[in-house]
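Let's start with one chain on its own, the form predicted on its own, as C-alpha cells.
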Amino acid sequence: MAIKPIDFKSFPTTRYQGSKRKILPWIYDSLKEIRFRTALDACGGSGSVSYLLKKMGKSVTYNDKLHFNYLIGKAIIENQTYKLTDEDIADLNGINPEFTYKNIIDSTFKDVYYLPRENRWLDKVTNNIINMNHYQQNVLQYKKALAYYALFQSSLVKRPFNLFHRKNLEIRTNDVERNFGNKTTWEKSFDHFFKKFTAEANSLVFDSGTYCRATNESIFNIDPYYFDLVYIDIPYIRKDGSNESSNYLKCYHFLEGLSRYNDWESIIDYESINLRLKNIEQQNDFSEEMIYESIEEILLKFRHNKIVFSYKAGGVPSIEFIEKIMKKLGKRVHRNSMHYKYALNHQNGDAKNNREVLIIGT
C-alpha cells in the first residue's frame, strides 16, 4: 500500500520550549522505516510528534505529566470528532449573567505577566471554559480541551520568550529600543489570538480511524505492555550553563495554573517573586542530580518495546551512555542526527553540539 504524503504545514503551531514541530519531516523519515502499530509518546509536550503518529495512522497514546499538556493531547490527539462552533466561541468570549466569576488572575498576578485588562480577560474566559455545560460529558470534555488549547496558545504568544520563568512584564511595557521580541504581536488583543487559535484547534481535529487517547501520568508510572514503539523526549540537561528551562513546570506553571484554576490559589508559592507553584523542584522527574538513574530506569522499563529516544548532542548523560544501556538490554541500536537551530539558543552556531539525535533501539 502506498504511503499517503503528509502535509506538515497543517500541523499545530506552537511556541513550546523544545518543540519538535520544525523537524517533524526528519523524524517522520526515521519513524516510517520502523514496523509498529501502537505507539506511546511518553512525554508528549506540544503534541507535535503524537500528531505525526496519528497522521501516520498509528494507534497513539499521548502522555504528559503536566495537566495543561494533557488537555492539549485530549484536544488534538484523543479527540477525533468534536469542534467548537461559532456559538461556543462567542459564549467563551462573553459574560454569562448566570455564572459567578472568580478573579484569581486579576487579584493575584497584578504586574507579573500581563496587563490588567488582559488579566481580567483570562479570568473571564477560564471561568467560561469551566462553566461550559450545554453538552453531554462525552462531547463536553473535548470542547473544553479545544478551548484550553486556544487559551494556552494565546497566553504563550503574548509572553516575552513565550515563558513564565520570570516576572518580566516590563519587557513589554518599557519604552525602549528592542532587538528581540515581537511588540506588534504583544499589542494585539487576547480576543484576536483566541479566535485565531480556536480556528487552529478546530482545523487539527480529524478521525484517524485508529484508537487514540491522552493520559496524564509520570513516565515512570506508565504500563509499558501495550505499545509496539515508545517515543521518549525528556527535558534536555546541558553539560554547561543554566538548565532553568529543563524544568517545564517552572517554565509553564502559569498554564498549569490555568488548567487547575479552581485549585490554583491553594497551590501557588506566594514566597516566589513570579508566583510559581509550590514544590516545583520536587515534582521534577528529571533533576540534574538524578538524570543518570532516571534514564536508566526508563530504558529498563521499556526494554521490551522498540524505543526512539529523542536527544541532543552535548547533553547529560552522553549519547554513548544511552546507547550502551540499550545494547546491554539486547537492542540493536543506531542513531540519526541533524543540525538544528533553536530560538534563543546562543550556541546555535555550534554544529557539533547543536545536533538533534534520534537514538533508535529495536
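From 1 onward, residues are counted along the sequence shown. Just so it is clear, the structure is predicted and the values come from calculations on it, not from any experiment.
Below, we refer to the form predicted together with a small molecule, which is not included among the displayed structures.
Does each of K20, S46 and E217 have at least one heavy atom within 4.5 Å of the small molecule in the predicted complex?
So, yes: the whole triplet contacts the small molecule.
Answer yes if any heavy atom of L53 is within 4.5 Å of a heavy atom of the small molecule in the predicted complex; otherwise answer no.
No, L53 is distant from the partner.
So in the predicted complex, is the small molecule close enough to P160 to count as touching (4.5 Å, heavy atoms)?
Heavy-atom contact with the small molecule at 4.5 Å: absent for P160.
Since only the chain is shown here, I'm wondering whether I234 would be in contact with the small molecule in the predicted complex (any heavy atom pair within 4.5 Å).
Yes - in the predicted complex, heavy atoms of I234 and the small molecule come within 4.5 Å of each other.
Wondering, does K65 line up within 4.5 Å of the small molecule in the predicted complex on heavy atoms?
K65: contacts the small molecule in the predicted complex.
Tell me which stretch of 226-234, 108-116, 77-85, 151-159 has a heavy atom within 4.5 angstroms of the small molecule in the predicted complex.
Selected range: 226-234.
Residue (of W121, F286, Y261, F193) lying close to the small molecule in the predicted complex, criterion heavy atoms within 4.5 Å
Selected option: F286.
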